[in-house]
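Below you will find one chain, with nothing else, as structure tokens; this is the form predicted on its own, and questions on how it binds or moves follow later.
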Amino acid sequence: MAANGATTPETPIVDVRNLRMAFGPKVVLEDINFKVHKGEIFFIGGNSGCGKSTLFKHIVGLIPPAAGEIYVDGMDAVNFTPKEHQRLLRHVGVSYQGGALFSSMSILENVCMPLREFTDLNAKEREAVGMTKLSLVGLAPAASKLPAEVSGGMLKRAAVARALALDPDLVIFDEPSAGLDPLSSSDLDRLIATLSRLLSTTFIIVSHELRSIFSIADRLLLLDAARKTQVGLGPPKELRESSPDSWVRSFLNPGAAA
């Protein structure tokens, strides 16, 4: 890492070291170590209650860890001032589970929200950027619609457009396929893969969907609720076929146990 906190070509965009996550005496996860490299589609997966979404919140500085270090785009995501946290968030696009769009605002207005908060662009300039992002995800015709007037799949695409509004180096999705039918979920996977190629953006995706993991993930961090730690890290097909951990192989190939 450069002395000024900036990334170098060798610097991972996310670097998590010896992370311990806990709420009081209750340990959620410990001994978490991984790096995410520029341009990767990196999944965080695991069984129910393993701490996937909690880890996501630690990465963006919403929850402080009990111990360990987290660096995002060369910035300390653990020890920061409010101003430094705003700078971190400026470099990270986030899409929360369910999309979290404002129901009283149009799709375009929702996409423009980060531009209002983090830039000095005027309304016309914000609208131009917002329409560009909506065009990227195929939603330009729905710009004036309210969230209640579009399908679940379109809502997810709108959330993707909003996460891309500031041209972030990193985009993090929390369960992006939740509530979608298989066809819409597959469409969303293809969109993410296309955006990754077009924009060279790094994606971290919190998901329990094995179909999505095997479809588009470059690497997978697999967590286990029982052991409260990571149990696998690597390309998902390699983990499924040759992990030394039998639980990992079974989790990634549930049909084999039938």
Partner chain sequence: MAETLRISQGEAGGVTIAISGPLDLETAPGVWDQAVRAATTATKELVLDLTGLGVCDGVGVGLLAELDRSAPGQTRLDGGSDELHELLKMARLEKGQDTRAPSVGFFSSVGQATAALLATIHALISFTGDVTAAIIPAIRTLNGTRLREILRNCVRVGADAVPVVSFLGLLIGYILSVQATKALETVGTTSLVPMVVGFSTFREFGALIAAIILAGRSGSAFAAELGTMKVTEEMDAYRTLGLNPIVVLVIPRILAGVIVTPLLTIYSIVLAIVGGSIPLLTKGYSFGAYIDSVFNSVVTADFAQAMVKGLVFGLLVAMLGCFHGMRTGRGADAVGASTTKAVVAGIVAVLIADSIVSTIFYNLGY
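Owing to the predicted nature of the structure, the values given are computational and were not obtained by experimental measurement. In this text, the rigid core denotes the largest set of C-alpha atoms whose superposition between the two forms falls within 1.5 Å. Positions refer to the first chain, counted from 1.
Absent from the display: the form predicted in complex with the partner chain. The rest refers to it.
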Only one of Leu89, Leu180, Met131, Met75 has a non-hydrogen atom within 4.5 angstroms of the partner chain in the model of the complex; which is it?
-> Met131
Would you mind picking the one in Met154, Val171, Leu136, Met113 that has a heavy atom within 4.5 Å of the partner chain in the model of the complex?
-> Leu136
The partner chain isn't shown here, but in the model of the complex, which of 229 to 237, 43 to 51, 28 to 36, 192 to 200 has heavy atoms within 4.5 Å of it?
-> 192 to 200
Even though the partner chain is not shown here, does Thr81 get within 4.5 Å of it in the model of the complex, heavy atoms only?
-> no
Indicate whether Leu121 is a 4.5 Å heavy atom neighbour of the partner chain in the model of the complex.
-> yes
Might Glu175 be said to contact the partner chain in the model of the complex, defining contact as any heavy atom within 4.5 Å?
-> no
Glu117: heavy atom within 4.5 Å of the partner chain in the model of the complex?
-> no
Relative to the partner chain in the model of the complex, which residues of 140 to 171 have a heavy atom no more than 4.5 Å away?
-> Ala140, Pro141, Ala143, Ser144, Ala148, Val150, Asp167
C-alpha of Arg126 off by 2 Å or more between this form and the one not shown on rigid core = yes
After a core superposition, would you say Ser151 shifts its C-alpha by at least 2 Å between this form and the one not shown?
-> yes
For Asp181, is the C-alpha shift between this form and the one not shown 2 Å or more after core superposition?
-> no
Residue pair Thr132, Asp181 - Cα distance in the model of the complex, closer or farther (3 Å or more) | closer
How does the CA gap of Leu195 and Leu155 change in the model of the complex versus this form, closer or farther, if it moves 3 angstroms or more?
-> farther
